[in-house]
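Okay, so here's just one chain, in structure tokens, the form predicted alone.
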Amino acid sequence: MIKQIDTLLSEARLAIQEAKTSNVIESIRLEYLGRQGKLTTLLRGVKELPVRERPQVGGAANSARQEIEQLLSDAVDRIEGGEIAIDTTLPGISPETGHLHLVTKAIEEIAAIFKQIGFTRVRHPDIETEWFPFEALNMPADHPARDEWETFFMDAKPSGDYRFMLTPHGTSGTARSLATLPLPVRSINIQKCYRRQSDASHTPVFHQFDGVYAAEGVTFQHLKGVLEFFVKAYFGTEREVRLRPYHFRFTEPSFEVDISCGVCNGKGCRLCKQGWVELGGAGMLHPNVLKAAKLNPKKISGLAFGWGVERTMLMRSGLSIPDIRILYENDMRFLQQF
């Protein structure tokens, strides 16, 4: 709505600037500020907004009204004083130019980093059956991620025994890459994911990137090398990587990936407590995942890694954002900083 207010204000400025008579000025006043005017009508919608958004939108609308009223008053004075003129030497009114959203910038940079070491970016569907997000990733029917409180299942006719859903994690792309791409598989999947979570640290729609490298002879050394390359390329050469044993259904062994804190350089501070901050998960592909893709785990091995784009971006930039949802609220005061 703030963008709509800014657009109306820009239109009013231009119309007032081009007006040459008092009658035109009056018609402009009615068009924007009258009882059925554009700005007045827009203001009536403020009460439909969430309570926390009303002060911001209301303030922007009142400011726009005051500016239009002042411009109209100044225009009347100029017209009645016979001072109206067009100065062709003045610069024109240039349209505002935008820029990529900071999450989009992060996606492009992450993809470019992995491209340097041979990972090809792939695209996978936002709508899946239960096979790729769960069954192919060693998650049986009783796995808690299949609970409808966690996953957006769709009210659509199932495909055989499998229900449709909005893909809950980028790792479903790993299963698709293994099943559809020729060996060796070395791909990076960056996509939207959907989960029923909305709070200060979660959004219902977010982005994950998942990488997979599968071929003969892929070892843990390859995994550590890939992780170290990304961390130093994205966060800085001074940052270090630590792997902690963990459990994921689709990798064995599995690890949580930590990086040295960028605030204290690993010495320990209020942010990290012990010098490390958690980045995401990684591991060597579980044999059952390889079998689901019709690959022989006795001949083929692979590594996988993945975590949230938004989380990764915020860890590098050092932004102190109390609520991650602000990234997607289209608040120009926030977005114009980047």
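The numbering used is simple: start at 1 and walk along the sequence shown. Just so it is clear, the structure is predicted and the values come from calculations on it, not from any experiment.
There is also a form predicted together with 3,4-dihydroxyphenylalanine (DAH); it is not shown, and the following applies to it.
3,4-dihydroxyphenylalanine (DAH) contact at Val289 in the predicted complex, heavy atom, 4.5 Å: No, Val289 sits far enough from 3,4-dihydroxyphenylalanine (DAH) in the predicted complex that none of its heavy atoms falls within 4.5 Å.
Contact label in the predicted complex: Arg186 to 3,4-dihydroxyphenylalanine (DAH), heavy atom within 4.5 Å: No - in the predicted complex, heavy atoms of Arg186 and 3,4-dihydroxyphenylalanine (DAH) never come within 4.5 Å of each other.
Residue contact check: Gly37 to 3,4-dihydroxyphenylalanine (DAH) in the predicted complex, 4.5 Å heavy atom: Looking in the predicted complex, residue contacts with 3,4-dihydroxyphenylalanine (DAH) do not include Gly37, since no heavy atom lies within 4.5 Å.
Residue contact check: His169 to 3,4-dihydroxyphenylalanine (DAH) in the predicted complex, 4.5 Å heavy atom: Yes, His169 is a contact residue.
Residue (of Phe114, Tyr194, Phe235, Phe250) lying close to 3,4-dihydroxyphenylalanine (DAH) in the predicted complex, criterion heavy atoms within 4.5 Å: By the 4.5 Å criterion, the partner-contacting residue is Phe250.
Which of 56-64, 24-32, 38-46, 302-310 sits within 4.5 Å of 3,4-dihydroxyphenylalanine (DAH) in the predicted complex, heavy atom basis: In short, 302-310.
Partner contacts in the predicted complex for 282-297 (non-hydrogen atom within 4.5 angstroms of 3,4-dihydroxyphenylalanine (DAH)): Ala282, Gly283 sit within 4.5 Å of the partner.
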